[in-house]
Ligand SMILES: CC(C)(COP(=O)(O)OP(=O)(O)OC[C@H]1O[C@@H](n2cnc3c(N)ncnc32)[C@H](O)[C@@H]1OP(=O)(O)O)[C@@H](O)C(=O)NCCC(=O)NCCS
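Single chain ahead, by itself, as structure tokens, in the form predicted on its own.
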């Protein structure tokens, strides 16, 4: 993986996954609350297949997977992809254990991830792809400052009907305007070279 390491928020820590996380990943992907809120990341959801998924992610230097801890317990995972040409990062999955919903872990993890993307990696753009009826995720990305740039009608089939999907984006300038007080990493000097 090209990215990774540990990212600390106020309530959560994003870290590289370990094999012991597999059982919880499997439980979340099989949970109907998660399946309803998110596009399922691969099928079937079985522990044996998660080991293979970890290997697949590690092979692609532009993919990254973090486990999300809170108070010493595993509470979720985040999956993302660095754009081939650089300057952008797609958040493909941000899953929080349904038993831990409404505790602020999703927002805290998303904010920490954005600090990493914009302040540490110095990327220009972050995107999210969500089901249009995922109110909790929409609230998080809207609070962060994302705006909709694409809307797919009847993209995902769920519960006997199709569901719309939206794509949202935030650029570095918006990040700086909204979250300058939350910066963990100082801005690069104008004459800094990479």
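Residue numbers count along the first chain shown, from 1. For clarity, every value in this text was computed on a predicted model and none was experimentally measured.
Omitted here: the form predicted in complex with the ligand. The next part is about that form.
Note on the interface: of 127 to 135, 160 to 168, 147 to 155, 57 to 65, the segment with non-hydrogen atoms within 4.5 angstroms of the ligand in the predicted bound form is 127 to 135. At a distance threshold of 4.5 angstroms between non-hydrogen atoms, residue 88 is out of contact with the ligand in the predicted bound form. When the ligand is considered in the predicted bound form, residue 81 lies well away from it, no heavy atom lying within 4.5 Å. Proximity of residue 70 to the ligand in the predicted bound form: non-hydrogen atoms within 4.5 Å are absent; the residue sits far from the partner. The ligand is not drawn, but in the predicted bound form it has a heavy atom within 4.5 Å of residue 139. Across the proposed site, 17, 22 and 25 without exception lack any heavy atom within 4.5 Å of the ligand in the predicted bound form. A heavy atom within 4.5 Å of the ligand in the predicted bound form is found for one listed residue only; from 123, 74, 95, 112, this is 95. Residues of 94 to 111 lying near the ligand in the predicted bound form, listed in sequence order, are 94, 95, 96, 100, 101, 102, 103, 104, 105, 106, 107, the criterion being any heavy atom within 4.5 Å.
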